[in-house]
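Just the one chain here, laid out as structure tokens, in the form predicted on its own.
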């Protein structure tokens, strides 16, 4: 199923090479970060899972392979097209068909419907205040006791020199996407802090290295019952 919406596609230029840029910039680290929490410990066959800002969607395909009922949403027609191309290339049969929504995330009006809501490298496209609103909305989509997963850049570990290097590494990326896709230009967000402010309990953090520095993390929070 795909629901359409008319909007300007900010990822028309950079979207087709998004996965390539990700690999060139991080090796396998970004991919490993995206799938870190998608395992039988956290995700059971039949669970409903939403991927916000799915992009090329290899993480969503991974979840579908585990037997989850996957919904993906993206405002970019280009990104959804690349996701469909990825599905066509892999040509796999899933227990549940993947549901595709071409929508602004705020138009997803399915409160407390999902066992897990995933925002991998999605919240960083927004200014801080907008990011908080988006995270609050994503949290509302999870069932009581459901999980919220955020994968993204981090600078919370290491000594001063390491943190400065990770900030510089981040600002290269954020500058590129500000110039090419008009994304917000901002600092690295401390997602666990924002998640806890929304009442989520942080249950797990996994870090992923580049050049022996923890440059990415996947953070799993649980919504109260």
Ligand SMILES: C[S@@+](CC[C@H](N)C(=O)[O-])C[C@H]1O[C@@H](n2cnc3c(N)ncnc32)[C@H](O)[C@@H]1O
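Residue numbers count along the first chain shown, from 1. Please read these numbers as outputs of a predicted model, since none were measured by experiment.
One more form of this protein, predicted in complex with the named molecule, exists but is not displayed; see below.
- Query: From the list 85, 133, 104, 110, which entry has a heavy atom within 4.5 Å of the named molecule in the predicted bound form?
  - Reply: Flagged contact: 104.
- Query: in the predicted bound form, which of the stretches 60-68, 47-55, 165-173, 196-204 has residues with heavy atoms within 4.5 Å of the named molecule?
  - Reply: In short, 47-55.
- So in the predicted bound form, does residue 18 come within 4.5 Å of the named molecule, heavy atom to heavy atom? Residue 18 belongs to the contact set for the named molecule.
- Item | Partner contact for residue 154 in the predicted bound form: the named molecule, 4.5 angstroms, heavy atom | Taking the distances in the predicted bound form, the answer for residue 154 is no, it never comes within 4.5 Å of the named molecule.
- Query: Hey, in the predicted bound form, is residue 75 touching the named molecule, heavy atoms inside 4.5 Å?
  - Reply: Taking the distances in the predicted bound form, the answer for residue 75 is yes, it comes within 4.5 Å of the named molecule.
- Item | Partner proximity in the predicted bound form: residue 79 to the named molecule, non-hydrogen atom cutoff 4.5 Å | Yes, contact at 4.5 Å.
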